[in-house]
Ligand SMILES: C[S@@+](CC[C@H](N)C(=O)[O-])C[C@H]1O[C@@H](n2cnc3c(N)ncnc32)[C@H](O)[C@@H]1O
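Given as structure tokens, the chain that follows is alone and in the form predicted on its own.
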């Protein structure tokens, strides 16, 4: 069984769950069908793709890259080695952003800094269907923007993309009701899993050499206020043990009502605050 194969691979957690995801994406077999028809044979194309994915996984390649797509918040998104793999932890950032948007009446103008594959922005747009929403995103990677473009087309989302670092590519008169980001927050000295180090783009998770893990949070705390409408929100994903520091950064940069939201594992994952204007 696929789950048994995955259980032998140290870089794959929850082998049974991941086997079900791979079967659905690679072979088009839904989880309930696996339960009802566990011995159903796959057609040759599905079997070949499944074998290719398994072969790459045995070499240590993350399943998302082997498949070329992965799930985030219940939707499938294209991924490549030019973007980080969407993770359940980041659904917390999506939830905080969505809750704020639902509490704010009228049209919404939203900015994501560091869009990656576009999973968060596109999820927001789909979940806010029926609202007047304008979504803008930046990323320093042209390759990442290409993946985000493909995902926007796949989900029928309208996403205005700009190439450049953080807020730099935006016109100076740009204003948003919400700015959110999952910026790089791994310092040079910090270790990461081998599969992350080997396959995922370092500049999407590591800060510049010699800088603290909160380097980009500092940049956004200092500069984002110039782009946020009064009573608008800035929401930032943070790394382990960074939440208190980022909370202080926002509180000292003109933001009010700073709050910390834990992820499902109880880790302090998102720091958000309101711009006083």
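Residue numbers count along the first chain shown, from 1. Keep in mind it's a predicted model, so treat the numbers as computed, not measured.
What comes next is about the form predicted in complex with this ligand, which does not appear here.
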Proximity to this ligand in the predicted complex, single hit among 133, 73, 136, 84 (heavy atom within 4.5 Å): 84
Single option in 141, 195, 123, 92 placed near this ligand in the predicted complex, where near means a heavy atom within 4.5 Å: 141
Contact stretch among 96-104, 178-186, 124-132, 151-159 - heavy atom within 4.5 Å of this ligand in the predicted complex: 178-186
Distance check, residue 80 to this ligand in the predicted complex, heavy atom within 4.5 Å: no
Exercise: residue 227 in contact with this ligand in the predicted complex, heavy atom 4.5 Å: no
Proximity of residue 204 to this ligand in the predicted complex, heavy atoms at 4.5 Å: yes
Exercise: residue 171 in contact with this ligand in the predicted complex, heavy atom 4.5 Å: no
In the predicted complex: members of 163-182 within 4.5 Å of this ligand, any heavy atom: 164, 165, 166, 182
